[in-house]
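A single chain comes next, written as structure tokens; it is the form predicted alone.
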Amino acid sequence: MKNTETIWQHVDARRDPYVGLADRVWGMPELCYAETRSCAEHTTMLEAEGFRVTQNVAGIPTAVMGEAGEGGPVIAILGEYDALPGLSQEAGVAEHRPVPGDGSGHGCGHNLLGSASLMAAAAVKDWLAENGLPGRVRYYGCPAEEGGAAKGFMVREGAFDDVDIAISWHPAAFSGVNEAESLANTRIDFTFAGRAAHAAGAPHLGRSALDAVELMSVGANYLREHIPSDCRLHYAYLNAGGIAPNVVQSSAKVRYLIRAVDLATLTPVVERVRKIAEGAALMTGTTVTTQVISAVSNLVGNGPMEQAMQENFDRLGPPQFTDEDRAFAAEIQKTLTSDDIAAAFRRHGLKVQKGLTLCDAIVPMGASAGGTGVGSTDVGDVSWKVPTVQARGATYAIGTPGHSWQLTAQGKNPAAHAGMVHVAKIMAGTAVDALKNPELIARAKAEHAARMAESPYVCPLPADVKPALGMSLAE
């Protein structure tokens, strides 16, 4: 690693406190819109660094923004800190060993994501002051990426209106520029209301809401054959009608997550799912009401900013891992299948390398284009608003599935810390390149404007939908 640039030295100077921040957030896993302590940790760090802090961004209690610098272009660096349910796991142990508590865990690495992004923003703050240049850097602490679409609400409320460039990253098995590929999606709750009755004595008098939910699932499963192959339908029962089988269930609720390659493809699929719900209600003599919980757009790429980030990767080189890091990664790989490991290579357009446990090179830009395993992110809505670029930062063993206990287990490892610091340098270096080169920002904005002229942004969140601040509470 050629750590020759001043901005990277500013990152290194902050290593210990930001590793501490990442580890503290790992130890307090909080779900969508409930990240009270995690947000407070980031707010405290922003205040200690001397940022001008704005809390309750877009009216969201766990969203925070810190700004430093004066005048000039505005560079936003995006962070996250929400966890996932059911992924509790002891750190540094290569076997499934949940810890006592509510069962939540950082199975997507967002404890690292927020810390590295704030670390990069703080380094840029110092670089601006040191060089006496105009420009502002902002850290956006964004909650509820895992299903809450907080960034979409923040975009809708104008939080990014004066931003020139946005930069982010995500933990991964490999390092490189993140391809701007993601699925647009929406989450909709379908609530069925029927009529209770004695399930044996007078079942004919009942109207089962649970039957309606199950019939909806049958219809949705048949629909899968007749939608584009890159669409996805997922669902979770939020209320199955209670625990008494001798009572015809009068209420039931299911949440559907519907995904497609872009918003234009998503909309008709959503309408077909809604029709299936109406049909299930008709068949069972129940009624159905719907509530959109969240929605996100697909990512829009930006060539000039992606090239600038790639140049930072080229100058810095890959993250440096130790033999101990590789040995533990090998233990994690023993808990995975060969398909898990092979899929990780193929996802990034790479040839499978047996025995490689941690990233040892930078994935060439474009290698992952059209790969498999595409998910969704609310960064997509930011990318429709301003030119946006994202990095992948290698922080875990190759083959580790996202949203797994194995990923939680690696969240406090030295390899995770090394990858976090490495990608903070990439983001900070990319921000500095933009601040030093107005032409780079101009080219990025011109490409973005051309894309928007061809396909203008339409927020996928209905105007009357507010952030589902209670979505992580028990139904």
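Start at 1 and count along the sequence shown; that's the residue number. Predicted model, so just to flag it, every value in this text is computed and none were measured.
Another form, the form predicted together with a small molecule, is not on view; read the next lines as being about it.
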{"query": "The small molecule contact in the predicted bound form: C108, any heavy atom under 4.5 Å", "finding": "yes"}
{"query": "Non-hydrogen atom contact D126 with the small molecule in the predicted bound form at 4.5 angstroms", "finding": "no"}
{"query": "Heavy atom of H403 within 4.5 Å of the small molecule in the predicted bound form", "finding": "yes"}
{"query": "Any non-hydrogen atom of E145 within 4.5 angstroms of the small molecule in the predicted bound form", "finding": "yes"}
{"query": "The unique member of T357, T284, T377, Q89 whose heavy atoms fall within 4.5 Å of the small molecule in the predicted bound form", "finding": "T377"}
{"query": "The small molecule: the contacting residue among K253, R207, R259, R136 in the predicted bound form [heavy atom, 4.5 Å]", "finding": "R259"}
{"query": "Heavy atom of each of R195, M216 and R274 within 4.5 Å of the small molecule in the predicted bound form", "finding": "no"}
{"query": "Contact segment among 315 to 323, 359 to 367, 185 to 193, 340 to 348, judged by heavy atoms lying within 4.5 Å of the small molecule in the predicted bound form", "finding": "185 to 193"}
